[in-house]
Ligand SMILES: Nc1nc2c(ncn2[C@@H]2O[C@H](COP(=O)(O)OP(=O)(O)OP(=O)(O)O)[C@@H](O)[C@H]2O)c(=O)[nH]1
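Below you'll find only one chain, the form predicted alone, shown as structure tokens.
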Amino acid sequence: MRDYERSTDQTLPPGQYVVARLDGRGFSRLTREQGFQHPFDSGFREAMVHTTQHLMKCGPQVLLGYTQSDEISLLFHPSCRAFGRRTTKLLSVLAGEASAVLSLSLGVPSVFDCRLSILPSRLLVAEYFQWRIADSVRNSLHARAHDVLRSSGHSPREAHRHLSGLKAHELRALSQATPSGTPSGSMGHDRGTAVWWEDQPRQPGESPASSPSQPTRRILRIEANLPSDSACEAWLFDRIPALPNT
């Protein structure tokens, strides 16, 4: 029976960049039924950031987390050996942990799926996160434009049809057409939120008894105003270590 059980097991190749992406299952319906503010809800965003922080402390060695809309991306350290790098364990544990934490935060069942990507270079890792940031920007523009059309009397079907195929600059122009300004909660979060580990010097008397000589402590930092364009790529490169022996 063990042989049958392990017949689909795969392990990630060593010394490679690996990114996990978790997506919420049926979150459009969940947020609608729970009455979250549209197009952006600060409470839901905070719950997603809290879930991202938990995933960065639950076992696998995660260097960088990023969340936008209903998704979370996690960059593993190239030397991460959690669960023997078995894909079935990584996928099931991360999806299970995320689902449990967000369900407790929101008070309703909230389910994630999970997928893994193997990326062979720092450049591709940076491009991956820039891809997800670009998706966040477009999602934000689309959501704002949709609300503008709905507030001007369009039905949901009409608004969706009107927005289909519009370019980013067209969505931006439409989203800024409302006389009431930008919807509450939307400013500052168009590019999603990043979470990463940072070493900080310990204050005098702060070192734990178990390692009194440890001069630094690791804390999770949060950035909800990510830079754009080349500045964003540089920001990401600062948080992506080089592969061993490269």
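Note that residue numbering begins at 1 and tracks the sequence as displayed. Since this is a predicted model, take the numbers as computed values, not measurements.
The same protein also exists as the form predicted together with the ligand; that form is not shown, yet it is the one meant from here on.
Enquirer: Is S28 part of the interface with the ligand in the predicted bound form - any heavy atom within 4.5 Å?
Expert: Judged by the heavy-atom cut-off of 4.5 Å, S28 is in contact with the ligand in the predicted bound form.
Enquirer: Is it the case that R191, even though its partner is missing from this view, gets within 4.5 Å of the ligand in the predicted bound form, heavy atoms only?
Expert: No, no contact at 4.5 Å.
Enquirer: Taking any heavy atom pair closer than or equal to 4.5 Å as contact, tell me whether Q53 reaches the ligand in the predicted bound form.
Expert: Q53: no, not in contact with the ligand in the predicted bound form.
Enquirer: Is D23 close enough to the ligand in the predicted bound form to count, meaning some heavy atom within 4.5 Å?
Expert: Yes.
Enquirer: Can you say which of 193 to 201, 215 to 223, 30 to 38, 54 to 62 gets within 4.5 Å of the ligand in the predicted bound form, counting heavy atoms only?
Expert: The contacting stretch here is 30 to 38.
Enquirer: Relative to the ligand in the predicted bound form, which residues of 65 to 82 have a heavy atom no more than 4.5 Å away?
Expert: Going through 65 to 82 in order - heavy atoms within 4.5 Å of the ligand in the predicted bound form - the hits are S69, D70.
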